[in-house]
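Single chain ahead, written as structure tokens, the form predicted alone.
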């Protein structure tokens, strides 16, 4: 793929073609479970860290069962990680009130909230990537539409994903052109970046017009068309029920603290 230096988003479609118990689950079941997972994770207090750790089990199991390379997942998360770091990087400076003590080390509330933001980022993005990786964007969007998502939003979500490829390819070609004209010298200055972004927008709009005309010529009717019209089976219901139960238990009780107390009690 031309945009190999980008986060290789085309690999997501390759993962979705696999055959595993996670792949065979209905897209609606996985979407409901993942949405509930994200809602529960984001519902914790801003300084909570230990209670979030057990939630790592969901994306780890989903990724492992789907046989999706964890290294690829982490590489994609790194692309968006600067945003999470930027959101919480000032917390340790703004909130210096002591909140926890580990041995002789006093940890302020700012550091706890910063760690909580990073952990939530890892949990939610990992779960979302695993969902797309074991479902595929077409099956996922079709499942969301069958769950009640308005068709216009479903189509826009599909186009948003697919146009990442268009922008990546156009950007990669423009960068190669700049490098070829630079003669080995540093050419990507701030002024050049501004010009590239403007030209990239114009090229993307022109490409969008051509793509739209090609879609109309092929009979596009404004809806998500999929060949796989899966049915919601008993296994899907058990999966959703098990996930919701596990999330509810982990939200109601701090499992990490409970396990720690058991270990310390057994050691004593």
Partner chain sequence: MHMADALISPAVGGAFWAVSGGLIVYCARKIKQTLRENLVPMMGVLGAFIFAAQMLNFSIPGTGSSGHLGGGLILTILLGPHAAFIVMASVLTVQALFFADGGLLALGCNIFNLGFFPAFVAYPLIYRALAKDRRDGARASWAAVVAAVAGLELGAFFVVLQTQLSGISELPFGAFVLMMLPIHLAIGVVEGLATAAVVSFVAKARPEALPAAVYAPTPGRLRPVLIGFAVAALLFGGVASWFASTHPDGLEWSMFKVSGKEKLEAPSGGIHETLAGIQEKTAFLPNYGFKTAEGESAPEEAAAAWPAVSAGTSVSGVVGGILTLAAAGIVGLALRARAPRAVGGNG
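Positions refer to the first chain, counted from 1. Rigid core here is just the name for the largest C-alpha set that superposes within 1.5 Å across the two forms. Computed from a predicted model, the values in this text were never measured in an experiment.
One more form of this protein exists, namely the form predicted in complex with its partner chain; it is left out here, but the text below deals with it.
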**Asked** Wondering, does residue 68 line up within 4.5 Å of its partner chain in the model of the complex on heavy atoms?
**Response** yes
**Message:** With a cut-off of 4.5 Å between heavy atoms, is residue 28 one of the residues that contacts its partner chain in the model of the complex?
**Reply:** no
**Asked** Does its partner chain come within 4.5 Å of any heavy atom of residue 236 in the model of the complex?
**Response** no
**Asked** Any chance residue 155 has a heavy atom within 4.5 Å of its partner chain in the model of the complex?
**Response** yes
**Partner contacts in the model of the complex for 145-178 (non-hydrogen atom within 4.5 angstroms of its partner chain)** = 150, 152, 153, 155, 156, 157, 159, 160, 161, 163, 164, 167, 168, 171, 172, 175
**Message:** Checking residue 204 here: with the core superposed, does its CA move 2 Å or more between the shown form and the other one?
**Reply:** yes
**Message:** Once both forms sit on the same rigid core, is the C-alpha displacement of residue 46 at or above 2 Å between the shown form and the other one?
**Reply:** no
**Message:** Taking the rigid core as the reference frame, tell me whether residue 92 has a CA displacement of 2 angstroms or more between the shown form and the other one.
**Reply:** no
